[in-house]
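The chain below stands alone, shown as structure tokens; this is the form predicted on its own.
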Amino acid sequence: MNTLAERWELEPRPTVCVLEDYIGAQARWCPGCGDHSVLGAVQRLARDLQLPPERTVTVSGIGCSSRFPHYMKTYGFHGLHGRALPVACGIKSRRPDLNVFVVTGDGDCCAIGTAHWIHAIRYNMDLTILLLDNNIYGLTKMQTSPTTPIGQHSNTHPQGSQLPPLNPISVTLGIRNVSFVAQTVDWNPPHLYATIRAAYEHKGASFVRIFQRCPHFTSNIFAKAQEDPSRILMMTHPGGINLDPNMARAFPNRIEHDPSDLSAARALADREDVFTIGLFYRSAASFRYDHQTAQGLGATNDEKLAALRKALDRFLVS
């Protein structure tokens, strides 16, 4: 016969999260800003995959896109300008069980944060990195960013930008130990969602550049691509970003690309006649530094003390 305590012991009911469980403060971006689309995609992804809010973290630096953690009802870290990636790497090194999303902008990542960007890709820790690229410094009111096209007028270049823009995809593909590089657009929700989901499901540092509209300062940059889908080249492959056939019709201009071919990926990334979207490159064999940093996390206090003494003994002078 069961005891009274055993009879009253109930199995806990599984928790099912709905979309509202991931929606934080009301987003204060401008109407028509592409950031809204990215936020909605990440919230839907979290719901669809039932990511526990208490085990999900969004990390950002400074910029319009970096308001992201405030709008997710999960843990978040709104860091310093350009420092989102080292913070995210630190979180992943101590808490490998957490789902970590990094949201950064073209100024935040590709200017002051460049060194951190390069080394985060090289470390290849399990992070989902979303670069929201609107080709301008939006939060500080229209200064030229590293990705601003030649001739684009800004407060720092009123006669038009003079330097060729940096290509974040080409740069990332040139970093040793890279493991996942993709590109998408904010104005096509199915492709945006599918790309972010593929990035999350990849084990390693997933880098996704998102062409993101800024209706206030750079509304002209992506307008023609929105109006004319033939200006977009969608990469297709069974191992790439796959859309429902009905959704794929929105992109009549397509090319078959094997994401294991790094040389072909680099050639596609350098094209300037079209906006190339899809999966450029994926490698499951790249070394993951978070496997190294996770060693010893389960050690007891006595084991940690013994390891510390052993390390200090190397400097003992007898």
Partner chain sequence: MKPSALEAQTTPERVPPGIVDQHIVEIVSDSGEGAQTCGQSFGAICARNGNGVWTVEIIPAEIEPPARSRAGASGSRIRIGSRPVTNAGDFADVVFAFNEQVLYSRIDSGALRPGTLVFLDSTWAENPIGEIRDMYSDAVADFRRRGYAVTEIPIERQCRKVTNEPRRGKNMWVLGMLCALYDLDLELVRSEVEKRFAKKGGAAVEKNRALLEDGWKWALENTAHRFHVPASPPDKPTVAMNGNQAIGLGIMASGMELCAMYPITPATSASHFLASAFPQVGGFVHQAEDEIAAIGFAIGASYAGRTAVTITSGPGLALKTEFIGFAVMAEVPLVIVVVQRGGPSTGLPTKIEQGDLLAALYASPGDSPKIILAPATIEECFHFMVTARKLAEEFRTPVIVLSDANLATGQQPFPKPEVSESWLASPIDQSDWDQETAPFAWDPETGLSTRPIPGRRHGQFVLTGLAHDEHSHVAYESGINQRAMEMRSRKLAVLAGSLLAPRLHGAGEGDLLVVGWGSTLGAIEEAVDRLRARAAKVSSLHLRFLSPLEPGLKRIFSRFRQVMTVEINYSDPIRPPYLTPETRRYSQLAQLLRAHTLVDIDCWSRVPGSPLPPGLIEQELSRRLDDIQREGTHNEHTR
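Positions refer to the first chain, counted from 1. Remember, it's a predicted structure, so these values are computed and weren't measured experimentally. Think of the rigid core as the biggest set of C-alphas that the two forms share within 1.5 Å after superposition.
There is also a form predicted in complex with the partner chain; it is not shown, and the following applies to it.
**Student:** Within 4.5 Å of the partner chain in the predicted complex - does that hold for a heavy atom of every one of Pro164, Ala267 and Ala285?
**Tutor:** Heavy-atom distance to the partner chain in the predicted complex: none of the three under 4.5 Å.
**Student:** Can you pick the stretch from 203-211, 109-117, 224-232, 141-149 whose heavy atoms fall within 4.5 Å of the partner chain in the predicted complex?
**Tutor:** It is 109-117 that comes within 4.5 Å of the partner.
**Student:** Should Tyr75 be classed as touching the partner chain in the predicted complex when contacts are defined as heavy atoms within 4.5 Å?
**Tutor:** Tyr75: yes, in contact with the partner chain in the predicted complex.
**Student:** Although the partner chain is absent from this view, report whether Pro168 comes within 4.5 Å of it in the predicted complex, heavy atoms only.
**Tutor:** Close contact is absent here: in the predicted complex, Pro168 is far from the partner chain, nothing within 4.5 Å, heavy atoms only.
**Student:** Given that the partner is absent here, does Asn253 sit within 4.5 Å of the partner chain in the predicted complex, heavy atoms only?
**Tutor:** No, Asn253 stays farther than 4.5 Å from the partner chain in the predicted complex.
**Student:** Would you check, heavy atoms only and a 4.5 Å threshold, whether Leu98 touches the partner chain in the predicted complex?
**Tutor:** Contact with the partner chain, yes.
**Student:** Scan 48-64 and note down the residues that get a heavy atom within 4.5 Å of the partner chain in the predicted complex; none is a fine answer too.
**Tutor:** Contacts from 48-64: Pro53, Glu54, Arg55, Val57.
**Student:** Once the core is aligned, please say if the CA of Ala294 is shifted by at least 2 angstroms between this form and the one not shown.
**Tutor:** The answer is no, as the C-alpha of Ala294 shifts between this form and the one not shown by less than 2 Å after core alignment.
**Student:** Ala307: after superposing the rigid core, is there a C-alpha shift of 2 Å or more between this form and the one not shown?
**Tutor:** Comparing the forms between this form and the one not shown, which are aligned on their rigid core, Ala307 does shift its C-alpha by 2 Å or more.
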